[in-house]
Ligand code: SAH
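One chain comes next, on its own, written as structure tokens: the form predicted alone.
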Amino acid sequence: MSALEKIIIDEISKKGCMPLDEYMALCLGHPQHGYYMTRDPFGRAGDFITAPEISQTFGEMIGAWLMDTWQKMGSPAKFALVECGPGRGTLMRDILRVAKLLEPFKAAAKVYLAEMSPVLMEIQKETLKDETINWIVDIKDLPSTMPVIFIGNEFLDALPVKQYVMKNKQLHERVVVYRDNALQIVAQDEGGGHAEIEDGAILENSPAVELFWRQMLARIKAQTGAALFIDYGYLQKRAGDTLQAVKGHQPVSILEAPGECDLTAHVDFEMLDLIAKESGFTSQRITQGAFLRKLGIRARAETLMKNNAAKAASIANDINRLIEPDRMGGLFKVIAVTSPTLTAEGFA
């Protein structure tokens, strides 16, 4: 039994059960034993591969969006460029490389990486050793004296989710218990009626995602700016269990080896869009494939293939992986939030 599993079982013995969002938060972020606190999970040697690790063009397209948005903001002489969950620093490295094409933008950008993992922070320092970077743990730590643009790739999906199961027209929260010498998931007897959902259906919501989103929007409203987040999820909310675990690029039980597996859940982009619009922002959501195509990823790929004919087939395959509807291009979604006076480039 791992140290983290023992901690979880001890907590359950005190309280009787543990809500799924609390379990997920401990598995990923426990200070000593959490998944993200103890390892580099990215790449073929890790548990999963993200878009910036697949092709440099992904970060270059995000960089193009950022430069366009900065210009539409009036090209402020100084602004905070904030990446949430920056992984190995690959995305920011590619953004800052392409930013050299617009030196005033690069000079204006004060880069902040919001990172809780000491392991990943050290990797980011090496990846971005030639850049001036500021690290923060929470967006509350950002300065309030300049405009701000937030970005995040596969960040929201790692924030904890709650789950409820519908039985007899009542919602019952799903919780983790310890029975028969094993962790198990059961439904608790609590909740209110919800007649539109079929009996037995599972509903998810994430108070953590909503809290972060509202805090971020409040920061943008106070300082002006924009946000761009990319993740896998739904353009329209739907019922279903999306909480999943991955270890060594293979799906495993979410109860297997706590702290040793990546836990994620699909993001409700409709909820993010509604909150943004209710708060007075311009907000649009779209698939990753459509977003990248509108920003010109195919043209950029053609240039790379001409300059490196030996790797042309590999480059083409990587681009297809990012944009095709039956691959990441359809599974991943994008939401852009901007001040009402701005237009989000890359959207219809």
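Remember, it's a predicted structure, so these values are computed and weren't measured experimentally. Quick note: we count residues from 1 along the sequence shown, nothing fancier.
Absent from the display: the form predicted together with S-adenosyl-L-homocysteine. The rest refers to it.
Peer 1: S-adenosyl-L-homocysteine isn't shown here, but in the predicted bound form, which of 104-112, 213-221, 86-94, 240-248 has heavy atoms within 4.5 Å of it?
Peer 2: Among the candidates, contact is made by 86-94.
Peer 1: Give me the residue from A276, L159, A99, L171 that has a heavy atom within 4.5 Å of S-adenosyl-L-homocysteine in the predicted bound form.
Peer 2: Only one option qualifies, and that one is L159.
Peer 1: Only one of V137, V186, A182, A77 has a non-hydrogen atom within 4.5 angstroms of S-adenosyl-L-homocysteine in the predicted bound form; which is it?
Peer 2: When S-adenosyl-L-homocysteine is considered in the predicted bound form, the option within 4.5 Å is V137.
Peer 1: S283 versus S-adenosyl-L-homocysteine, in the predicted bound form: is there a non-hydrogen atom within 4.5 Å?
Peer 2: Because no heavy atom of S283 falls inside 4.5 Å of S-adenosyl-L-homocysteine in the predicted bound form, the answer is no.
Peer 1: Please tell me whether any heavy atom belonging to Q163 falls inside 4.5 Å of a heavy atom of S-adenosyl-L-homocysteine, as the geometry stands in the predicted bound form.
Peer 2: Contact check for Q163: no, nothing within 4.5 Å of S-adenosyl-L-homocysteine in the predicted bound form.
Peer 1: Please check if T50 has a heavy atom lying within 4.5 Å of any heavy atom of S-adenosyl-L-homocysteine in the predicted bound form.
Peer 2: Looking in the predicted bound form, residue contacts with S-adenosyl-L-homocysteine include T50, since a heavy atom lies within 4.5 Å.
Peer 1: Could you tell me if S117 has a non-hydrogen atom within 4.5 Å of S-adenosyl-L-homocysteine in the predicted bound form?
Peer 2: Contact with S-adenosyl-L-homocysteine, yes.
Peer 1: Along 138-173, which positions have a non-hydrogen atom within 4.5 Å of S-adenosyl-L-homocysteine in the predicted bound form?
Peer 2: Contacting residues: N153, E154, F155, A158, L159.
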